[in-house]
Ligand SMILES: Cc1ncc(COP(=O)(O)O)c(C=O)c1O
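The form predicted on its own is given below as one chain in structure tokens.
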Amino acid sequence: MLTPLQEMDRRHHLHPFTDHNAMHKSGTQVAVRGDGCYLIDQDNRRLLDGLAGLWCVNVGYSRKEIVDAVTAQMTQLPYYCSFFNTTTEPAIRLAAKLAELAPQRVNHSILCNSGSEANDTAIKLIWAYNKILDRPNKRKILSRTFSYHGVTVATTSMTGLPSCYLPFDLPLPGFIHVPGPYTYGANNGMTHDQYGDWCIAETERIIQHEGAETVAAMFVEPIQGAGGVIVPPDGYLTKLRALLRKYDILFVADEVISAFGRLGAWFASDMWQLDPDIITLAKGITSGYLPLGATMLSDQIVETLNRGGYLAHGYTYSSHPTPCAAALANLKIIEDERLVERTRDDTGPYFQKKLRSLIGHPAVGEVRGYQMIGAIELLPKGGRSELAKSPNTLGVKAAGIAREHGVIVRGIRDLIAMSPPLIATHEEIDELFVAIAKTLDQI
């Protein structure tokens, strides 16, 4: 029987990315409190959050420093826009801080509310940039299969997951998917390196087929997150970057998940020397405490856009001072507690060691990961050939079992994904993998 709150939820609340009929049979799971790496639910169960919310709560829950910064800003100036030649101090300071942390050429930010908006903004500004350069036909956007870039109409068109775009008769014309380096999913006998090289060659073939003079940009997650934690082969990103330079195609690094320490660096773009023209950000910028996204642009792009005069883009809540204050406090915690270095040198390698200890389990087809993000491809008793009988269901089943063992992971197709808060200790990582091992035994 549903509780009154669960019944109210059933009657009135549409959840994102949810099968509502299935969910309401047992009732919504209601999160009540957060404490460090843990959530406490409506039954007062303490659950280790192995996904850091939605890949985002990097500094953990209930950090007083962020709460105090938000309270102070709300008390002084809860809101003002950045229209009308006006802005607020937190917005200025955050834009300057991002420029300090980001790759050298990328020094300008337009702030928004989410990763979807950050990528949608990037598309519009790319089109404006090419129009000012008198290249109005250079509009096509490339992205990869198994990528995730958001859920606006345009960013859904970029997202390379059929479950996201097919229900809405997308993608729009001019949005083109090229192969992502998901070697395990391809299952064609190639090694990871061989398949990465094939993906590069196929991307070049598609560019030539479309006409490079019509292709404006490619959006690239350094590690494809929601598509299944797809880690690129060594050298793949370098080759992809060189290919886009060859054809004068802008490189957009979608670092909504990868920035702010998740991979043991402030930006994956620096770590892999991607020299992006644009970077899109969200999630870890505030550790999810308040909605905030950013589209960071190179000096060259901004100089061109400024030649166009009036920039007719932005949102009511662009540069909202309170989320900006949350971001500044969050980034200070990451710096003060050296969470980037800690992830790179300590907890990231430990997390990967525990992840790889599961190789050889009969329920494991493959493990993938980098520092504090990972995925496990799951197998039923009959092995991989049995997956075809009920495809794309094992991940959600495993995530439900893991929750029974006290941890939260994400089920995607026939895999589970993890990205715990960066503050996680060795003991908490152990707790996560003990529960996952029990889950695998049940699978």
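No experiment lies behind these values; they were computed from the predicted model shown. When you see a residue number, it is the position in the sequence shown, counting from 1.
Although not depicted, the form predicted together with this ligand is the subject of the following passage.
Checked against this ligand in the predicted bound form, the candidates Tyr129, Phe351, Tyr148, Phe251 yield a single residue with a heavy atom inside 4.5 Å, and that residue is Tyr148. Proximity to this ligand in the predicted bound form, taken as a non-hydrogen atom within 4.5 angstroms, holds for one residue of Ala294, Ile257, Ala327, Ile141, which is Ile257. Using a 4.5 Å cut-off to this ligand in the predicted bound form, not one of Thr86, Thr88 and His320 places a heavy atom inside that distance. Here the chain stands by itself, but in the predicted bound form one stretch of 115-123, 175-183, 352-360, 330-338, 115-123, has heavy atoms within 4.5 Å of this ligand. The shortest heavy atom separation between Lys283 and this ligand in the predicted bound form is within 4.5 Å. Along 208-228, a single residue, Glu221, places a heavy atom within 4.5 Å of this ligand in the predicted bound form.
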